[in-house]
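Next comes just one chain, in structure tokens: the form predicted alone.
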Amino acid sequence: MRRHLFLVAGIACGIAAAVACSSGAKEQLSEDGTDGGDDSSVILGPDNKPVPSGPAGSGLATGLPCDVQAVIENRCIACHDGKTAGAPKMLVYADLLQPSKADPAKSLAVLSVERMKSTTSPMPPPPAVGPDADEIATFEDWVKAGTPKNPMSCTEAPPTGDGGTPDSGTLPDAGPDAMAGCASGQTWKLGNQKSPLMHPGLACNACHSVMGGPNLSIAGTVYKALHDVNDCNGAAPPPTIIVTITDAKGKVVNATVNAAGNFDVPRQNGAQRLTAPYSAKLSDGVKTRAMVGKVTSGDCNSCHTTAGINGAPGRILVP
């Protein structure tokens, strides 16, 4: 995301924008999602000062509760980004208050819950796997409470420097055998064959929310070069690289980077689930690269693309 980066490249998450997968037309929930409702009130940051507002995935304040924002960022905005034909925009608080075209007496938020729970007209549509029970409950509880607006930002103000911690070190040398666009010299060539090694560099949650695949809390790829292309394998052990995620309640989970450079934290329900927002760091046992601030989505590669978007300068880099 624009506001929470490791030194030069770290775990950040943002608008999936279907960059990882083509989706075709999407079933429409309501009108085009033009802004409406009460989004004029000031949103405050942790220091109780006004902060910039913006769409889900940008790292800016959306007006949505953090856990609801996390559901939208992880499960919805690959299509509901305001750019996909037939899919209403679901990026800020006001979008969710828009009336449904199918039933103007219902807001988009209300209809979203119904569609997430539907067995005949589910959202997201097959082949995607629907949101987990906890995610649906989070969204439904918010709707039952009257869709209150969150007066506080879920994330901190953007860092003034590069966003990393002092112990992150200098940029790694990809090595003498590095090839242009793919430092490892190895690429994924098996298409959509299911594997934890598949499609390094692509936005995992975005693809899974459109084309099917397990629901993940956090997923991304760690690289040795800042601008490696999609499907280029990332940093493989040795050394073993551990990604440590800490959630809003202090729960800590670790993910090990695999031979393709990929890492993921599967979705877990109940007491084991992660609560947004999250922070993260990488470690190879000697050096670390730590995130500044917190994020509410776990689709790391959606910002850490080849060129980088939403302020990310490129790929997530090894410590």
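Only a predicted model underlies this, so the values are computations on that prediction, with no experimental measurement involved. One rule holds for the numbers: they count along the sequence shown, beginning at 1.
Although it is not shown, the form predicted in complex with heme C (HEC) is what the next lines describe.
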Next on the checklist: Can you tell me if residue 225 lies within 4.5 angstroms of heme C (HEC) in the model of the complex, counting non-hydrogen atoms only?
Outcome noted: no
Item to check | Contact flag, residue 237 vs heme C (HEC) in the model of the complex, heavy atom cut 4.5 Å | outcome: no
Item to check | Partner proximity in the model of the complex: residue 116 to heme C (HEC), non-hydrogen atom cutoff 4.5 Å | outcome: yes
Checklist entry - Quick one: is residue 94 in contact with heme C (HEC) in the model of the complex, heavy atoms, 4.5 Å cut-off? => result no
Next on the checklist: At 4.5 Å by heavy atoms, is each residue in 50, 143 and 277 next to heme C (HEC) in the model of the complex?
Outcome noted: no
Item to check | Single option in 214, 181, 148, 151 placed near heme C (HEC) in the model of the complex, where near means a heavy atom within 4.5 Å | outcome: 214
Item to check | Interface residues of 84 to 116 toward heme C (HEC), as seen in the model of the complex [heavy atoms, 4.5 Å] | outcome: 85, 86, 87, 88, 90, 100, 101, 102, 108, 111, 112, 115, 116
